[in-house]
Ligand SMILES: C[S@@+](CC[C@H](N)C(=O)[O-])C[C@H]1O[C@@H](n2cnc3c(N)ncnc32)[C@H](O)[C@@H]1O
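Single chain ahead, written as structure tokens, the form predicted alone.
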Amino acid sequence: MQIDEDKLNALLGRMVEEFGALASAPLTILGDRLGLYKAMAGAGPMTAERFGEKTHLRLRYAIEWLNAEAASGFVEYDPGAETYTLSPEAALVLADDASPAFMGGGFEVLMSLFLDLDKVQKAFRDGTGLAWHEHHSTLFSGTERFFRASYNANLEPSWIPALDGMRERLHDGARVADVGCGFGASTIVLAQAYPESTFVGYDYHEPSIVAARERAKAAGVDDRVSFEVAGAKTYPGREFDLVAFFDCLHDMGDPVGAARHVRETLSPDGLWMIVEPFANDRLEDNLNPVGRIYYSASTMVCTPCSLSQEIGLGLGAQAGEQRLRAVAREGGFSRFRRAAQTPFNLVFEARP
């Protein structure tokens, strides 16, 4: 076999970049956990000594972490003054949990992928699945933090207004079910935006429901928000004005069965809101940086999760509009449309 030296060298160069990204990821998690980015945010140029004092780190650790962050381009280094600076833009991405650009939670999710590698390898070999609750707990907390940034940025300003007439109904007082709510980030964001409405979050994972209740109380919305342990095909209640599925339908073993249950629990003029990872219908159109993230997460988390359940349809995180439309129609919905989108999400509206 003849080797193309240019292609080989290009791939090796790419591998060096990959190694650097993987090697620096734990340092980003350390910076998040220890509050190192927060200590630098808005502080301007800092010497390593000043940084070490402010963060209570031993100087040798402080220097090495700062140098690694500078090599990654996350921290700016001034060789003349020997100072390190976290730019305002980097602070939005790394230090501010409330920022719509915050990515810290994503690194927690990535950590869980490595911690669960042996379990996924076993599932690959024996053809079984790996249920959500069988993953490391960093997946649960990281998912909440990662998606909360997007919900803060988009849910009330653009996604809800894109649903025909729903914003007005929520302002007037609507009954809302948030299915697959996890730690309740989406439920709480909605409750804060629409105080006249009442909300109930459902998730089969009891530890997530416990966490959601704590977060709702801390946010001061527990007077209009409740959380219950229940699955997507069994959650109680009827006559909901809005049922929402945030980034969870593709994880379900029987999404069609879930759609049928939504249809049964909606009011006659109710609406099913489906938020899913952004994907085009053709594989070749998803071979890009966003698709790379979602296919990787889907291989490690979403598809094994679906295959662990009954039916095990295995939609995957890159299902695309055509397949999601088919699920909704088979579940009894006659109207389905794309209401909004971002580079990371598709938002659909389904009606009976």
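Being a predicted model, the structure only gives us computed values, none of them experimental. The first residue of the shown sequence is 1; numbering continues from there.
The same protein also has a form predicted together with the ligand, omitted here; what follows describes it.
For the candidate spot formed by M46, V75 and P88, no residue has a non-hydrogen atom within 4.5 angstroms of the ligand in the model of the complex.
In short, of 217 to 225, 153 to 161, 181 to 189, 265 to 273 it is 181 to 189 that has heavy atoms within 4.5 Å of the ligand in the model of the complex. Contact check for Y204: a heavy atom falls within 4.5 Å of the ligand in the model of the complex. Within this chain, G231 lines the site of the ligand in the model of the complex, having a heavy atom no more than 4.5 Å away. Contact between V243 and the ligand in the model of the complex is not found at the 4.5 Å heavy atom cutoff. Although the partner is absent from this view, E108 stays clear of the ligand in the model of the complex, with no non-hydrogen atom inside 4.5 angstroms.
Just one of Y194, F199, F147, F102 comes within 4.5 Å of the ligand in the model of the complex, counting any heavy atom, and that one is F147.
Scanning A177, C248, A95, L170 against the ligand in the model of the complex with a 4.5 Å heavy atom cut-off leaves one residue, C248. Residues of 293 to 321 that come within 4.5 Å of the ligand in the model of the complex, judged by any heavy atom, are C305, Q309 in sequence order.
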